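Coming up is one lone chain in structure tokens, specifically the form predicted alone.
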């Protein structure tokens, strides 16, 4: 409990490590994850530090791994999961072998990729040529028929001028992207003034881009023209529109022969491409088995060199000096890690660890487990606790799910949350391996124990409210007796059941199920839950004020107990605590089982009106036969409480400033600065460390800012702000706890409306049609229940509970001015990169 009650005690340490053992020592410290290093080279540029070359070397290795990983994912090869067998940081010899292996693999992959692109480019060109030859058969059919007729008639029959005219007719064939065809056709018409005849045919199947693999839709075209000048213009237009031109003979036989040759070359090239793909797949499959391990090794190696850049070299250049924060409980672990690091390289000179005193506030470290981590994250989201101040997470483990359950009190809805949380808890090992679940899933899974407890407590409060999906359970039978006969009951729509004659006693546990049928159910539940929320709120705030005493005692600020805690707790208890007392006294005093009229329920005064009269020193005339006050001397007691409460205001306002003024010292005691050793603090393995930090340090760490140099005017202003804030917040925070009543009532009414407006419709239908309709209606009811009552109402209750803890509870004692302990941990580095 000590670890959870307040943050762990920290020590500022100096490390003296030999350069040859620095890499292995820092590697061992990274595996332990209990050291936060400080940067001793703040004034040195990042690119001028000692190990910047090694960091760049690691960056280059990471680049190669990313390239290989991209190629593996491109081929759809799955990478193995190594969460159970994470490798350690590589030693220098392994680094050289890894670097050579990655270099060889990258070079081979680049060559294979380049060859593949070249072969695919050739394959694309041959495919386009084949498409041109196949799709231009119809373009030349008329001309070939003409040539065939001419050859049959004989050469003498053909006119020489016709032959010359046909000889001057030329053509250009090729392919072009389909989206550029219309612009290409328009441009040809403009440059030739309509003297180009263009025929085109769209390819049915898309072609693949050699570099990206994306599909490309193209069109085959043949442009007929006359004259060399027009031919040159057409070629320039084709170049501008990125059209590919291919040779296409006009003779049918030549085209057929050319198509056969192209198809043969395509088959050969396809075989070569297939073999290249198989070789590439084999290489990638072999590399994929070790790639995750290599990636983790390089990340660890890079983290080690980044950490070594935080060290400083001594003047003799023979020792690396580093400073770090370490939990005092883990000092022996750090000492052992340094010894193991020196032994790993066979260093004859051991590494030293010295604990030094400092007046700097240490980081805050709360050691958590998988159960308490979620609750600690809720507290840290408000603000990191100041060093060694009380940690609210210990009490939040109980108060948070309980306050949530007060607003979410339904046995059925709580059971849904309980089952969902239990599923995540029981399957946490399997579910924890999910990496791409999304941010929302990570939030749910991280708070699985919070959801489990919220569901458990909601089942309890739902049982107390006797509310299951807006219906009540008749477990113990009703304690109310119907004294009316059957004819009276049937003749009257509503009848009153006086407690004196109809109630047999107190219901064993929770609410009597008879209230489910009562017309005044809302009035009764309003009164009950409103008072319950005020009682819980005052108790919660009183507990928060009492927690401040733990901080005052720990930081030796005993004067604050009398000057701050006593007036605060008196102000809270004498006013609002007295109001809670009146609620309980009213419940016990006034009863229907009495013959004294002043003690009957009809004479019970309103607690709210009585509290207002108490604050305003007013009186309200009671009804005839009743008393204004609940007991004798109540009027005088209330006036005394109000007067003492008013005295507490100047007590809080002036007490602390006047105490500081009269006790201010003229001289300031010597304070140890960073770097001063605490005597013989050179730790050997197994030695017990002395406590670090003086009482002055812990007082400053606890948020008690020193007032030695602060002007008195600022102290008065600061205390006035705190006093006004506490007095006003006591009133507003008490009213803020009424949200417990409001959300509980809203949740119950929404559940009842959903039952009456949806599910009950299917239950009231005719037997045959109702049986079919009930399936659909029940599905809609389940969907609305999960979406509205469980998820939306659950989120609303969660946020309101979070606000009650952050503002109403923690503001009474929690400062949250610290900064988190961020140790050098390989596990944290790897997990953080996986989340990104």
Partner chain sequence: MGAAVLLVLFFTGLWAAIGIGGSIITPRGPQQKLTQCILMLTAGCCWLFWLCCYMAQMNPLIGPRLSKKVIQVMAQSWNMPITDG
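Numbering follows the first chain given and starts at 1. It should be emphasised that the depicted structure is a prediction, and the values quoted were computed from it without experimental measurement.
Form predicted together with its partner chain: not shown, discussed below.
**Student:** So which stretch, 495 to 503, 754 to 762, 355 to 363, 183 to 191, is the one near its partner chain in the model of the complex (non-hydrogen atoms, 4.5 Å)?
**Tutor:** After filtering at 4.5 Å, what remains is 495 to 503.
**Student:** Might residue 271 be said to contact its partner chain in the model of the complex, defining contact as any heavy atom within 4.5 Å?
**Tutor:** Answer no; every heavy atom of residue 271 is more than 4.5 Å from its partner chain in the model of the complex.
**Student:** At the 4.5 Å heavy atom threshold, is residue 512 in contact with its partner chain in the model of the complex?
**Tutor:** So residue 512 counts as contacting its partner chain.
**Student:** So, in the model of the complex, is residue 715 in contact with its partner chain at a 4.5 angstroms heavy atom limit?
**Tutor:** Although its partner chain is absent here, residue 715 would stay clear of it in the model of the complex, with no heavy atoms inside 4.5 Å.
**Student:** Check residue 596 for me: does it contact its partner chain in the model of the complex (non-hydrogen atoms, 4.5 angstroms)?
**Tutor:** No - in the model of the complex, heavy atoms of residue 596 and its partner chain never come within 4.5 Å of each other.
**Student:** Name the residue from 239, 232, 275, 485 that puts a heavy atom within 4.5 Å of its partner chain in the model of the complex.
**Tutor:** Selected option: 485.
**Student:** Using a 4.5 Å cut on heavy atoms, which of 406, 454, 291, 304 is close to its partner chain in the model of the complex?
**Tutor:** By the 4.5 Å heavy-atom cutoff, the listed residue in contact is 406.
**Student:** Could you list the residues in 371 to 389 that come within 4.5 Å of its partner chain in the model of the complex, counting only heavy atoms and keeping sequence order?
**Tutor:** Sequence-ordered list: 371, 372.
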